[in-house]
Ligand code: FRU
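Quick heads-up: it's one chain on its own, the form predicted alone, in structure tokens.
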């Protein structure tokens, strides 16, 4: 009982300190604002959506409540970038109207103006999104989500909604949302991948306005711990083969509780998706990657970004003037493993230009308990790359308040892990302070890890991106120290580099 009272007193003091800071005009949540990850200028953000590359510019739209730092009436926020790292905020692209608020969707370059929405000689960008009509939902109706479109003829600067919305009405299903649209060249039509309950519906259209249902997938495949959301379908090349990848976000039911992104590999003929296997595959095993989808119109590159949070606690994390960030953009590729394939992801190469002069550590056959000397990482964010023998090891980032996050590999269990049980603020949700794990997906005798560490997050890319984990943390004061340890003596490190990012 005494320990409970002490814990309650500590929590009260922490909250009181934050209240005092706000009274005196100090925005304490700014110490948690990422430096190399996209965040809204203010207010709430969740799913990235509508991502499209056009005329050398990456467009990022996102679910946005501009009037509060918690989920609320959804708009499409908008930002642009030349490299997916340095973002410029743009005016809100899509506002709610009489048909509803603006839920997630996608955007495409209608190169041949199949929609007829642009004047002759112009190429429209077309956004396809879900209308969510809360008034209908409050009346107990099931058809409150429909699909609408909007278009831009000035390269995404301004958007007009189609007067004939909705272009796809709801047949009476409560969860009927998040259209991801692509051009299917083999059949000469647009294909929409739509999340419906805990499965996927595929639709086709010649013009983005008239849609016909083609098929369903997923009733008996993959994970079904919660509703399916934010799907994405695209082809990928590996060993001269075309394999179709279907991303499906799931909440709850992820491998480390709450929200997560699963995927399926198979074939698609313009009508039906046929999986190679119905097993569950996870794109990211960490607790804080969700709603991840890819940019359209990027040629042979498949570029991905996710929402860096979890619906278990997204509305409660300890930031006040803004909430949520996106992951580092990642490039996806398929890797052949035995008789099958796995989707791998690594940070986009564009991040490299933000590397500062690296600190290089070469420790062949080093002794047990190697430490990088508690190197200063006051200049977070940073990137760490490690190549060593396959042994138990861990990086620890920490501060003077004895708060820490450990990231590493456990040889005994064969799992990678991120441990944030002592990472700082966790009072906002009982599930936050935890140790999360991921299985290893290769039999290689070498251990390779890349870590992207920002002021309030770490992203682990192991074995060339075959395993990925994303995790938030909220220290009371900034992490400014780094150490590395291994339990085995001696260990062989091929290289270890730390590169500040700015």
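This is a predicted model, so every value here is computed, not measured. Positions refer to the first chain, counted from 1.
The form predicted together with beta-D-fructofuranose (FRU) exists for this protein as well; it is not shown, and the discussion that follows is about that form.
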- in the model of the complex, the one of 190, 285, 290, 409 near beta-D-fructofuranose (FRU) [non-hydrogen atom within 4.5 angstroms]: 290
- Heavy atom within 4.5 Å of beta-D-fructofuranose (FRU) in the model of the complex - residue from 214, 229, 419, 331: 229
- Counting only non-hydrogen atoms, the one stretch of 298-306, 388-396, 86-94, 102-110 within 4.5 angstroms of beta-D-fructofuranose (FRU) in the model of the complex is 102-110
- Task: Check whether residue 311 has any heavy atom within 4.5 Å of a heavy atom of beta-D-fructofuranose (FRU) in the model of the complex, and answer yes or no.
- Result: yes
- Message: So, residue 233 and beta-D-fructofuranose (FRU): in the model of the complex, are they within 4.5 Å at any heavy atom pair?
- Response: no
- Message: residue 69 versus beta-D-fructofuranose (FRU), in the model of the complex: is there a non-hydrogen atom within 4.5 Å?
- Response: no
- Message: Given that beta-D-fructofuranose (FRU) is not shown alongside this chain, does residue 46 nevertheless sit within 4.5 Å of it in the model of the complex, heavy atom to heavy atom?
- Response: yes
- Message: At 4.5 Å, heavy atom to heavy atom, what parts of 60-91 sit next to beta-D-fructofuranose (FRU) in the model of the complex? List them in sequence order, or say none.
- Response: 63, 71, 74
